[in-house]
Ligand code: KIV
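A lone chain, given as structure tokens: the form predicted alone.
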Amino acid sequence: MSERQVVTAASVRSRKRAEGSEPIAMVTAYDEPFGRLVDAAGVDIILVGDSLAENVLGHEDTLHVGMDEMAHHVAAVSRARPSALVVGDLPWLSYHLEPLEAVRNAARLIRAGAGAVKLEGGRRRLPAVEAILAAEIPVMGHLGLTPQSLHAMGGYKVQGRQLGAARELLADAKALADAGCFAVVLEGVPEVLAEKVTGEIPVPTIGIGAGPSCDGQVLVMHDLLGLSRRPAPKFVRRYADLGELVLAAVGRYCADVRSGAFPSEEETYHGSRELAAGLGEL
């Protein structure tokens, strides 16, 4: 069996379904074990998302994670040496203030092991996008329901339902593609709008709650594996219920410890008779 080809931002850029490319599979991971496993499963892109805040660190939203945490977890995933492209999320306020700061923060994620960065927002974020791209760092865009804009949007609501808002999102997508983004995530938008955007821009769209017309799909690993504490959004398909498996396994372990069934003779290191005799004389 031949070695898997390394996925790069440049190789992702050309993967449009309309031109015959296979859909892109992207999933989140936040540490080395899951980075290794999802890569072995064949994903194209591993997103070290700021969803780390909710799924690993126990926060209520993505606004409570910063550059230190993101760099730490990008490095952990990168230690799996995946063939998949590792994309690091730029967290809230890491690219909003000035382009130079955005470049420095993007560079931290690249030094930690990412092959590209992702940031949220459209035309208003072009100065940051252009500055990061000028530093030769690939950028993935993110439009629609952008979790870092939670308060401005009034909650986690589907975006682009009205024609005016849809027109603005389409213009944002074109601007990001024109600026040089190699792909654009579309989150929480009507399928018809995602289909329109996908057909209008030359780089791949990756959907999450955006229907089947995108050039790829992304899900949060904890959602698809049944590890999330929150109710699964409508767009999530759960492929396993590892939460129940963990509960059952740890429950059996606790019962075995309390009953004395663990550890068994086979799970115990034994000393020689001479050692036992010598210890008895101490």
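All residue numbers refer to positions in the sequence shown, first residue = 1. Only a predicted model underlies this, so the values are computations on that prediction, with no experimental measurement involved.
Omitted from view is the form predicted together with this ligand, to which the following refers.
- Contact between Ser51 and this ligand in the model of the complex is found at the 4.5 Å heavy atom cutoff.
- In the model of the complex, no heavy atom of His73 sits within 4.5 Å of this ligand.
- In the model of the complex, this ligand sits within 4.5 Å of a heavy atom of Val185.
- When contacts are judged by a 4.5 Å heavy atom cut-off, Ile46 does not count as touching this ligand in the model of the complex.
- Residues with any non-hydrogen atom within 4.5 angstroms of this ligand in the model of the complex fall in just one of 241-249, 226-234, 37-45, 213-221: 213-221.
- Out of the listed residues Ala131, Ile201, Ile208, Ile137, Ile208 is the one that sits within 4.5 Å of this ligand in the model of the complex by at least one heavy atom.
- Within 4.5 angstroms of this ligand in the model of the complex, the stretch 121-143 places a non-hydrogen atom from His142 alone.
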